[in-house]
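One chain comes next, on its own, written out as structure tokens in the form predicted on its own.
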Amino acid sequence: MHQDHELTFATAVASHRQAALSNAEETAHEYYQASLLSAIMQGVYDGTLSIGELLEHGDFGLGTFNALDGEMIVLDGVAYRLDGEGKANVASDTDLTPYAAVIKFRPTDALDLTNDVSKQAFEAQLDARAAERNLFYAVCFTGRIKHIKFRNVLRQDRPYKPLLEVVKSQAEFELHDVDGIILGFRCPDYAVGIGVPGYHLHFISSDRKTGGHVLDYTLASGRIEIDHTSSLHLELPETPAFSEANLTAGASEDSIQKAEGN
């Protein structure tokens, strides 16, 4: 009887450990997002999550900073602030974000690019390989960029204006023949308001000195890597600004595409 009890206990412990490992693996590969894009659209710019906390959930991604003070790109576990002058600097772990999305990037597909490819053609190639339309995909291009146009939002003061007003005075930049990384996510069409339906991409140069939110580009040569996940984790802020925001009004696909420069 004592032996049977030991076996039952050992089996239970093994089962618990296996379940814990499974949960850890799922968490390690989830699309983790702080807040909603619809909230950013409505001017909810106060950060509630630290960069240090964000990086516990992923090593690859994008977002923005407290008071909309620059664009964010997360690459190889490092978060960079892309400021209004187009400069890139490593963010502090104590900096706050009102909106960001990250994943632990583990590519499951890749292809080499050897000829010039426009933004539209590049995204069509990605669509052909990322065939599961209702899943979340992380995409990354590393290589030579023939031309890129990008923007950086500027720090805002209260009372905050909606994002569509803010981007009217955004700082825009263009580069030619530069080595860099373009990365981001393809969100499903049904995710309007959660994120950007379609592609949301940020850029940083290979020397980590400049970058921003991608508006247009032509790629020259390099490597495309793709990852996907069916696990979505949303962390919503418990603040008066978020609770009182009209998130339905901020979830118009047409408004989101205009704000994103598409």
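The first residue of the sequence shown is number 1, and the count goes up from there. Note that this is a predicted model, so its numbers are computed, not measured.
Heads up, the form predicted together with a further copy of the same chain isn't pictured, but that's what we're talking about next.
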Segment that reaches a further copy of the same chain in the predicted bound form - one of 206 to 214, 219 to 227, 64 to 72, 190 to 198, heavy atoms within 4.5 Å: 190 to 198
is_contact(E174, a further copy of the same chain) in the predicted bound form, heavy atom dist at most 4.5 Å: no
Partner contact for S50 in the predicted bound form: a further copy of the same chain, 4.5 angstroms, heavy atom: no
Interface membership of D112, a further copy of the same chain in the predicted bound form, 4.5 Å heavy atom rule: no
V78 within 4.5 Å of a further copy of the same chain in the predicted bound form, heavy atoms: no
Proximity to a further copy of the same chain in the predicted bound form, single hit among N134, Q120, T94, S169 (heavy atom within 4.5 Å): N134
Stretch 212 to 240 - residues with a heavy atom within 4.5 Å of a further copy of the same chain in the predicted bound form: H228, S230, S231, L232, H233, L234, E235, L236, P237, E238, T239
